[in-house]
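Okay, so here's just one chain, in structure tokens, the form predicted alone.
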Amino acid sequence: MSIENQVFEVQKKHKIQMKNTSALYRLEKIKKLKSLILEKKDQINEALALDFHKPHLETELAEIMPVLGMLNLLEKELIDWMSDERVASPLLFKGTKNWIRKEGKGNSLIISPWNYPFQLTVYPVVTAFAAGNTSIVKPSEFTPHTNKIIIEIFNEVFEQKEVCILEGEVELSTKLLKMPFDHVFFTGSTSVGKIVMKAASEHLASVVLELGGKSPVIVDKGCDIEKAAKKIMWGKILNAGQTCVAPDYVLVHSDDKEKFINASKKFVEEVYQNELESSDDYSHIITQRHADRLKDLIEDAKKLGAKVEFGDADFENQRVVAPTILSEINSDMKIMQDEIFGPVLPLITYDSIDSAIEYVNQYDNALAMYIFSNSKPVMNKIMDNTFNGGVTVNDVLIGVSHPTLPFGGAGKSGIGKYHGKHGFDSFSNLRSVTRRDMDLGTSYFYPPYTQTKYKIVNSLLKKFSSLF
């Protein structure tokens, strides 16, 4: 029997015991995990630097802090989240008590990505465990050093029957997806998300799919262009744009185009002082194949008429891709057909908010949307007339880090939400319970259905119509 089958069978036998573990048992392990993460912070930093040159500050800000935020929230709220939720009884249910039990769904499969390999592996595992699930975890094969430190930490906290990380490539994911898990949590591309959902449907497993899409930015005329440009470009250079909620393209009013380009270029030059390739403050692209893909997108756009406003530099280290803005964009370019996932920003001009909204709506629902505006009517108009997973106004990325807001997509950018209690609920079966404590004559309505019984039911219907 293969290792994945062995672990699955062990966890399958344990899932009843796991769902019945106490809040105190779960909290003890959550506190131990938090302590180990803080203790091994330097090793986590080094692992991510080895995998793709991620700056230590970015690791602490975008990888470690969100996990610690969730662990802190669990310490404070888990007992309350796990408690039965009492439900009021309407007239027809007098004589009963009703409540909702929060139970783990059972055996969960968590497939995590490479771009934030610590956060996007540990966060869902912690959430699944807190809700009373077992987990088999398949991390990305592109981040072996990060995987190693996560395994080291998990092995000190969890038993294999609770949480087990299995390393491998696509073939391992394919094998795992054939197994009858109760719940599947996947973070990655929309194309792979479709494969995951199809595989899960064979076992009627519930799914949470955290995908991506082309997250737009609309910069309203009249706002502070320099401040907006700085924030947007920060969102593009963080992790070298390898972020599922990174600004994917920006819509700027025609009158503000040059000002936005100049402000963006100024910010990048001030940050890196023309030493981008040697900078310890700039992540590399995860593999050469991924870097080549980005360069091909730029070349394709240029051939179809795009103008390079700045960037598009060649470096000796081919995994370094410069922050780049392209203008004169059209929809035939490959760069506008798929999520970019790199530090390249297409710029599109518009003449009215209506035309900007129309442009956004030609694409599938994005994971995130960003609006820069001083006008509440404009903000509301954009939100009222678009669909996406979440919105951040006058900033980028920060919404995804909020520990209690639901995070997830809409339509092709994802199914289901997590973070905070929303994640706990996504990994929970909300089991309804009705208990009859007093028989108030409902058996009177058993067959045969006499005229007297019809009269009583009609009387009750009239009473119900006045109550509701």
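Note that the coordinates shown come from a computational prediction; the quantities given were computed from them, not determined experimentally. Start at 1 with the first residue shown and count on from there.
Omitted here: the form predicted in complex with a small molecule. The next part is about that form.
Student: Using heavy atoms only and a 4.5 Å cut-off, decide whether all three of 114, 187 and 212 touch the small molecule in the predicted complex.
Tutor: Yes, all three are in contact.
Student: For the chain seen here without its partner, which of 228-236, 179-187, 92-100, 346-354 has a heavy atom within 4.5 Å of the small molecule in the predicted complex?
Tutor: Flagged stretch: 179-187.
Student: Considering 72, 174, 83, 201, which brings a non-hydrogen atom within 4.5 Å of the small molecule in the predicted complex?
Tutor: Of the candidates 72, 174, 83, 201, 174 is the one lying within 4.5 Å of the small molecule in the predicted complex.
Student: Which pick from 79, 393, 304, 195 sits with a heavy atom within 4.5 Å of the small molecule in the predicted complex?
Tutor: The residue from 79, 393, 304, 195 that makes the contact is 195.
Student: Under a 4.5 Å heavy atom criterion, is residue 341 part of the interface with the small molecule in the predicted complex?
Tutor: Yes, residue 341 is a contact residue.
Student: Is residue 366 a contact residue for the small molecule in the predicted complex, using a 4.5 Å heavy atom cut-off?
Tutor: Judged by the heavy-atom cut-off of 4.5 Å, residue 366 is well away from the small molecule in the predicted complex.
Student: Check whether residue 140 has any heavy atom within 4.5 Å of a heavy atom of the small molecule in the predicted complex, and answer yes or no.
Tutor: Yes, residue 140 sits close enough to the small molecule in the predicted complex that at least one of its heavy atoms falls within 4.5 Å.
Student: Is residue 218 close enough to touch the small molecule in the predicted complex, meaning at least one heavy atom pair within 4.5 Å?
Tutor: Judged by the heavy-atom cut-off of 4.5 Å, residue 218 is well away from the small molecule in the predicted complex.
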